[in-house]
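Given next, in structure tokens, is a single chain: the form predicted on its own.
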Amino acid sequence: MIELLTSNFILYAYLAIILVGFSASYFGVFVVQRKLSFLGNGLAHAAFGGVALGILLDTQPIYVAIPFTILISLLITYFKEKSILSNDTLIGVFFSFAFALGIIFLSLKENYTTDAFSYLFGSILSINNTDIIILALMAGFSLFTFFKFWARWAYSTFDNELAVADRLPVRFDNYVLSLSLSLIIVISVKIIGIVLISSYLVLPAAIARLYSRTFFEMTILSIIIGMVSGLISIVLSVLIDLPTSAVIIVFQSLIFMTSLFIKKSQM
């Protein structure tokens, strides 16, 4: 068993979940604090349309899914500013449209089942060097936004009107955040899966919020929880022979529910 847990493909999985855990859990604090959970879920479903189009075109699905999901994200952000409709309504319309397109694309393609299944539910144990490079670039981009945008994003998260009054580029920052969320979701779907990635965005940040006094503490704790819980879940999934992505979400959910119970009992 020790040899299995230290084999090359498992080591790749460890590295992948560290990179995904860092990026997803970092952006997750803004998803939770800004109440954008439905946006994360919507973009994950929108990514399905891009993945399906990539499968139909016989190309690498992620290369099509990235611009496809970014376009949907930018359209949601744009129409949110220009329309009287609520954010939830716009997200529901666009992700339903993208998901329906994905179903149509797959119906036009024969022998798509394996590829579609791996993107729907994750396939962390089958990643390769290219996947690791892409995840590392995403983690690097996440780190860049931490130093460049975190303070402004945090400011507008808690007081958007005051941030605008202080002449911060709130509109531009919102577009950058939407684009960043699109990237992390699309890049992570092969690891966690379209069905579960929105949960990975929410759960570490939600757990961190229960134990944090400041937003900075919440950010750091969320990143730690995302990475450590992912590593533990990979070991557990190998030991009990269950799908890794599902084990990650169940494990994080149990941590959240236990934390919520502990916090409530202390009140």
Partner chain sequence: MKNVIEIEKLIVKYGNNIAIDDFTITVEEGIYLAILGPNGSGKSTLLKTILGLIQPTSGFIKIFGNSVDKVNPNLIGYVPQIKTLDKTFPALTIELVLSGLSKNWAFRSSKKDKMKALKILEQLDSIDIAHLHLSELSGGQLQKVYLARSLVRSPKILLLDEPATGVDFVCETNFNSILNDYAEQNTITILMVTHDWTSAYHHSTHILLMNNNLIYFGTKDNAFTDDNIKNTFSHLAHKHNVTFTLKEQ
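Note that the structure is predicted; figures quoted are calculated from it, not measured. Residue numbers count along the first chain shown, from 1.
The discussion below concerns the form predicted in complex with its partner chain, not included here.
With respect to its partner chain in the predicted complex, the three residues I66, S107 and E110 uniformly fall beyond 4.5 angstroms at the level of their nearest heavy atom. Only one segment in the set 55-63, 237-245, 196-204, 214-222 has any non-hydrogen atom within 4.5 angstroms of its partner chain in the predicted complex, and it is 214-222. Of the residues given (A100, L85, L71, V164), V164 alone sits with a heavy atom within 4.5 Å of its partner chain in the predicted complex. Taking a 4.5 Å heavy atom cutoff to its partner chain in the predicted complex, the contact residue among L168, A136, V93, V176 is L168. Although the partner is absent here, L125 sits far enough away that none of its heavy atoms falls within 4.5 Å of its partner chain in the predicted complex.
Contact annotation: T89 falls outside 4.5 Å of its partner chain in the predicted complex, judged by heavy atom distances. Not displayed here, its partner chain is approached by A154 to within 4.5 Å at the level of heavy atoms in the predicted complex.
The closest non-hydrogen atom of F144 lies beyond 4.5 Å of its partner chain in the predicted complex. With contact defined as any non-hydrogen atom lying within 4.5 angstroms of its partner chain in the predicted complex, the stretch 179-197 contains no contacting residue.
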